[in-house]
Each structure stands twice: as C-alpha cells, then as structure tokens.
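First comes one chain, alone, set out as structure tokens in the form predicted alone.
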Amino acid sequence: MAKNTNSTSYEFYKQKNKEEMKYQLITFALMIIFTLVAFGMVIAEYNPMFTIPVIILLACVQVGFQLYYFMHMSHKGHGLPALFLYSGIFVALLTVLAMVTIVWW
C-alpha cells in the first residue's frame, strides 16, 4: 500500500510556518522594545553625544531585522535582490563617508 506523503509534507510546512511566525513575533517585539528604548532616551534627555549614536545603532539593527525576517531575505532564491540591496547600502555608506570627509576637511 502506498504511503500518503501529503500529510507528512503538510505537517512539515505547518511546523516550518509555525517556527517562522515565532521568529517574526520575537523580532517584532524586539523592534518595539528598541523603539521604546530610543524614545525613552530622548524623553529622559540623556547627553546627545550618547543618545544619537545609540539611536543610530538601534535603527541599523531594526533595518537588519526587517530585511532578514520581514522581507524574507533569509529564504533561498533571493540572491540577486539581496545583492542589489547590499550593493545599494554599500554605495550609500560610501557616499555618506565621502560627504563627511569633504565637510570634515
């Protein structure tokens, strides 16, 4: 008698989707916490020399979370879009670095 592979496949995808949803909820909660931390630092009026770099760091971490989990960059088959995205980020960083260098001197 042939074994029914549809139910096994269904259970596999159900478990995989459950784990992915768990990671997305954890990531969403972390992003909310990061936003509240940044907001709290501004409300508490910490030294701007400390607050601004921390907010920028938290923003960069949030961008990474959004790309990796919510834009599904962790899945296979997203090589070319990821290449273009990371190339654009690299060019943007080089542009900002060049402008800061020009203004600094």
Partner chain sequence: MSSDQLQRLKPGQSPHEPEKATLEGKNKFLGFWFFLGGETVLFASLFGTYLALNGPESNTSGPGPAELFGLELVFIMTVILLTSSLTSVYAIYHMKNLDFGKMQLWLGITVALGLTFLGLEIYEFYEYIMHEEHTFTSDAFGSAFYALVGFHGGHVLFGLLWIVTLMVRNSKRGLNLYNAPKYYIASLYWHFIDVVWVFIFTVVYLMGKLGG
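Small disclaimer: the values here were computed from a predicted structure and weren't measured. Numbering follows the first chain given and starts at 1. Throughout, rigid core stands for the largest set of C-alpha atoms superposing within 1.5 Å between the two forms.
This protein has a second form, the form predicted together with its partner chain, left out of what is shown; the following refers to that one.
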Relative to its partner chain in the predicted complex, which residues of 20 to 45 have a heavy atom no more than 4.5 Å away?
21, 24, 25, 28, 31, 32, 35, 36, 38, 39, 42, 43
At a 2 Å cut-off on C-alpha positions, does residue 88 qualify as shifted between the shown form and the other one after fitting the rigid core?
no
Rigid core fitted, then: does residue 97 show a CA shift of 2 angstroms or greater between the shown form and the other one?
yes
